[in-house]
Each structure stands twice: as C-alpha cells, then as structure tokens.
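Okay, here we've got a single chain as structure tokens, the form predicted on its own, with questions on binding and movement later.
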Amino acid sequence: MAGIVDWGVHIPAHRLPRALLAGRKADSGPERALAWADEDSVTMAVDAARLCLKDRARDTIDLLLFATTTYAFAEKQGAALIAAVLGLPQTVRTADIGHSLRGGAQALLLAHDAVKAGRARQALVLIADCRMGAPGSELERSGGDAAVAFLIGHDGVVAELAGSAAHSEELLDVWRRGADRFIHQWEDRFTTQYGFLDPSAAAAAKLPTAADGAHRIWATSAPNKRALGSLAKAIGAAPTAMVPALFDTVGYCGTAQAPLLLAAALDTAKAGQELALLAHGDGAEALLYTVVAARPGHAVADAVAQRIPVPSPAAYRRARGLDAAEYPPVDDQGISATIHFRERAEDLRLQGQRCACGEPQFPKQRVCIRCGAKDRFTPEDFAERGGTLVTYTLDSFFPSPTPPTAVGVVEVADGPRIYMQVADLPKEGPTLGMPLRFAFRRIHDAGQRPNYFWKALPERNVP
C-alpha cells in the first residue's frame, strides 16, 4: 500500500494587511502571507520539507519532486539544490515540475506511481509558490505564498491513494511569460468559469463514487470564496464538505493552494474518510485518498498562527523590490562558481567539522583552534540543531525592508559559534541568550541570481 506517510507546511510569517494596500490603517481585517525579501519558493520548500522529515531517516528517499511556477532559474534544477540542502543521498532522482498550477497534484501522482511500482522506496514531494500580482491589481491583494511537503511511502501510511482523474484544457486564462515579473489574468468571469470551474468539475466527475458510508472532503484550488461556492454546487458537495480555504489569513497560494488544504484536512482527518484533492490549471487534476490511519496534527494551524505584521506599505515595497532604483542592479557572473562548489556543504547544509579532540568548528579549516592538530576533522552538519544568541550588532546601513539588520554570534547546541544574520525578529529586537533555530534563506542576488545561506530565527517559529 502506497500513500501519504507524513506532511509539513511552511507559511511565511510576514502578513500583509489588505487595508495597507488600500491606503488605510492596518486593522484586524483580511491579510495575505508574504514571502519576505530573503524567501522564495526554494527556501519555503526547504522549510516545509524539514518539518515533514523531522526525526525521520532521509537515506531511503529515492525521489524528490519540486513543483512550482515561481522558481528563479529557467535552466538549473531546483530539486537538486533542495536535495543537497536536505542532505539526501546523491543517488536520489530529482525533477522539477512547473508551468502549471496543477503541477503539485501531478507531482503527487508521479510520486505515488514510483513508490507503488517499486522505483522508489520513499518519495518527497515539495510544492511551493510565491504569487506576484502587479501593484494595484486584485492578484496583488488576493495572492498568498506557501509551501507544502508530502512524504510518500509504504510504511506508516496515513492516507492511501484510491483513485485519480485528469482533464486537459487549452485556454489563456492565467499566464506569465518568461521575462514577466507579474502574473497576468484575463477577465474574472471567463477565468473562473472556463479556467477553474468547468475543468475542475469534469475531473471530479471522473473520480470513483464515494464508498458506502464514507464522508468525502474536498481540498480544492478555488481562487476565491465565490469560486469555491460555485464548485461545491457544481460537484454536488455540501459547503461543510469543502475544506475551508485560507483566503483571509494566507491568501490564494497558486500551485500550493489545494495541497495546502489537503494538509489541513490530513491534520484533522478520521479513519475511513475520503479526501479529494482538486487542482486546476490548463485543465484539472483530481486525486482521491482514503484515510487508513488518522494521525491528528496541527501543521497548518501552527504555520498560520506564526505571524509578523508588515508595518507599512514602504516595507512591503522594499521586501518585494517594487520601488524604482536609482541605478540598475549589476549583471555579471556573480560569485565564483568554483568557490560555491568547494564551499557548498558549508553554504547549503551548514556543515562544519569536529576535531578528534572534540572541538567543533565552523567554517572548516585545517588546524584545530583548540589542540592545534592538523587535518584530524570529521564533517558535521549543524543546520538541524538549535542555538542561542551570544552577542549581536544592529546594522542600519545594510539594505533591508525593515532596518536595522541584526547580525550576531550564535552558539550552536553542542557545536561551534557561528557569525550570521538573525532574522524574523519581534518588534522588541534581539535579546542575549534568546533561543534560535536555523533557516535556509536568500542572502543576496549577486549575478542577479539567488544566493543562499543560513540565518538564525527566534525559536518561536519552531512548531
């Protein structure tokens, strides 16, 4: 039996009140999740995967699929980068799935097929999107950013795949060309009816009928409340059978929308329930799961609860790079690819070393700072450990959406002291001794491409 073994969710902590976009004072009204200046689809997917794989062995993952429409590179695989960050074995097969909002559902089906056929012992599916609507557009207000991770395997299955259906459709409803920064969308009624409602209902109709006595729950990619209600009527589902969408807290998360709601349904599912995933985009994909062993959780609720309000429209513009710049960004080769290759374990896995005398060190070097011995080190990864803040400085010159930038010395639990940025701080700022965790984030865009390293975050972000 192949099915979903575990899941994890990352929703950016920063929340943009829609009132700010309308030029009003931020209140307790609707808001959207906003990937901050140092986040993107890759960093969010890494965070979701780390939560999904917490306390789990990673050497039996034979397949990693990364589904997104907002990966930074047209040629360079995101799944391979994420596999390196997670420390998966180099024998893992990696692939990106893009260009469609239903790519996440297709990735899940491919993973199930691979595990069921014995091509992979376990498969990790990561689905992430950052929705960028043009300033002033409805997409800017209603969009949201999020990532979801699912581990597919044979052992400890929570939800078994019981059926699937697809409906392909060709139309121009939502699109983004290669050089476009913002998503384009045709007239709303056309987009909702022909891009979402019709293909979703067609795919849903091809699923097996509900088993006797089974209660079917629908996790859908409806882009707004009105579309969700229309779909419920079209497929004959009661409003209570639709997983509540997070339009007023997270927003519409594109490729991650339906998978995020599937994770929410898994958090509260009961054995015997049927969970139907319905994702649209150039057609629609439908997956039907049967819950075989409920495992109550709060992955989505925890992620929604972690919240840092965006303080001003100016901070939002700076975080998204929407302000006009005096000078264009430098376009060159960026940091040396050779140095990146040599230091990729330090940069991607926060890998240091431990001397035979027991002294941990970061970054790597040839001579022990404690005993003076040479070349007696064993590599050691520190990313999954916590730490505490030893000392810090506040830099108001370093460019940031909300200066100053905190940079500090972090003492890793049973590890070395590392100098790094401290991010996602509360309004009160850093405090000495505060517990921290590590998060994979964008450091800069030298060469006009994302360059990544680790930052320390307050431990309150740990579920």
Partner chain sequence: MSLRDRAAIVGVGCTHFMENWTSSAEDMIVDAVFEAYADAGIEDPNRQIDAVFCGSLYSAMGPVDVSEALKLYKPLTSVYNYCATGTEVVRAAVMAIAAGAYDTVLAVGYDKPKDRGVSGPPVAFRGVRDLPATPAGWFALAAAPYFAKFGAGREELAQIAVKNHHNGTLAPKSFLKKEITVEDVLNARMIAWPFGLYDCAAQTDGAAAVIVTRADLARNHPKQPVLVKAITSHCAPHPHTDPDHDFLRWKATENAAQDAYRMAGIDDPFRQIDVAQLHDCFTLTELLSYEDLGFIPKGAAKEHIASGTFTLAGELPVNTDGGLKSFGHPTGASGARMIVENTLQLRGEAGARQVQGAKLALSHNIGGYPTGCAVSILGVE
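Positions refer to the first chain, counted from 1. In this text, all values refer to a predicted model and were calculated from it rather than measured experimentally.
This protein has a second form, the form predicted in complex with its partner chain, left out of what is shown; the following refers to that one.
Q. Looking in the predicted complex, is its partner chain within 4.5 angstroms of a heavy atom from every one of T69, A165 and F196?
A. Result no, not one residue of the spot touches its partner chain.
Q) Which of these residues, I335, M242, V158, L110, gets a heavy atom within 4.5 Å of its partner chain in the predicted complex? A) Checked against the cut-off, the match is I335.
Q: May I ask you to state whether E346 is within 4.5 Å of its partner chain in the predicted complex, using heavy atom distances?
A: Contact check for E346: yes, within 4.5 Å of its partner chain in the predicted complex.
Q | Proximity of F247 to its partner chain in the predicted complex, heavy atoms at 4.5 Å | A | No, F247 stays farther than 4.5 Å from its partner chain in the predicted complex.
Q.
Q421 versus its partner chain, in the predicted complex: is there a non-hydrogen atom within 4.5 Å?
A. Contact with its partner chain, yes.
Q.
Taking any heavy atom pair closer than or equal to 4.5 Å as contact, tell me whether V407 reaches its partner chain in the predicted complex.
A. Contact with its partner chain, yes.
**Q.** Which of 87-95, 144-152, 311-319, 364-372 sits within 4.5 Å of its partner chain in the predicted complex, heavy atom basis
**A.** That would be stretch 364-372.
(Q) Can you list, in sequence order, the residues from 434-453 that come within 4.5 Å of its partner chain in the predicted complex, counting heavy atoms only? (A) If the 4.5 Å heavy-atom criterion is applied to its partner chain in the predicted complex, 434-453 yields I443, H444, A446, N451, Y452, F453.
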